[in-house]
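Just the one chain here, laid out as structure tokens, in the form predicted on its own.
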């Protein structure tokens, strides 16, 4: 078989400086594995953090990044039903490559009707949003959910899921210009984050006191978000865009008994029973088929342009995709 190309980093550092495209010898799928010809993969912030050596776990080097991607099964190993051949699937790691082998238990079959361009972004952010909304408190119709980083991929998914579930969202954004974009997704209230945010937010809530807040920023933004919670409410941190530590006033704990939790999708997927994982993706695919989770693609690059691709991804503003095959 001809060699395959993969983006790899042999040391951690600035992504555009340490990534290179290597030629690798292909390997036939082993027992309970499928060979996937990759089609597309997004570049997520977690991918960049992993390459930088700033993620929650390190992997042996050299490593192929890419915590999600979409491809088509072209071969199966012993113990795998041949009906997998031809199926489009989502993979969970090392996606920035032309092809590779993954355990069949870890890939997710994509239902007919979803294109690779739509499916490739469904493995990380929408499941994160779904679990943030369902794992930490029981929300009733009409309840409010607070979040910062509302224009992020997870933030946008939170808005769309909440709208379908009958919950309201109050969303913090960094710039007033982003408010209309968030409202178009179905946001019920949008506030520019800052020192004077609380008074405006409370007016928009109209006396409601939310019990769930979702934090992807950290620092003072998270503190302001927690300040809007009801006594006994929960703030869940799943990101740290500001790179500032979470600051919790003592009064939030003593007088209001707020709960501060963390969430990492990788940990959840490793621990969850297969039927729960299957049910989760069934919900995500159902919403995607109805029009949710359309990626804001700002640029696409070929695998050989991976350094330019990560440079563009660092600029933000939307999703950057790697095209990996035809």
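Not measured: the values here are computed from a predicted model. Numbering follows the first chain given and starts at 1.
This protein has a second form, the form predicted together with a small molecule, left out of what is shown; the following refers to that one.
Contact check for residue 183: every heavy atom lies farther than 4.5 Å from the small molecule in the predicted complex. Within 4.5 Å of some heavy atom of the small molecule in the predicted complex lies at least one heavy atom of residue 45. The small molecule in the predicted complex comes within 4.5 Å of a heavy atom belonging to residue 174. Put simply, residue 242 is close to the small molecule in the predicted complex: some heavy atom of it is within 4.5 Å. 152 is the sole member of 94, 152, 99, 137 with a non-hydrogen atom lying within 4.5 angstroms of the small molecule in the predicted complex. Between the options 107, 124, 197, 228, the residue in contact with the small molecule in the predicted complex by a heavy atom within 4.5 angstroms is 124. The candidate spot formed by 217, 238 and 263 lies fully in contact with the small molecule in the predicted complex, as each residue has a heavy atom within 4.5 Å of it.
Of the candidate stretches 209-217, 99-107, 85-93, 137-145, only 209-217 contains residues with a heavy atom within 4.5 Å of the small molecule in the predicted complex.
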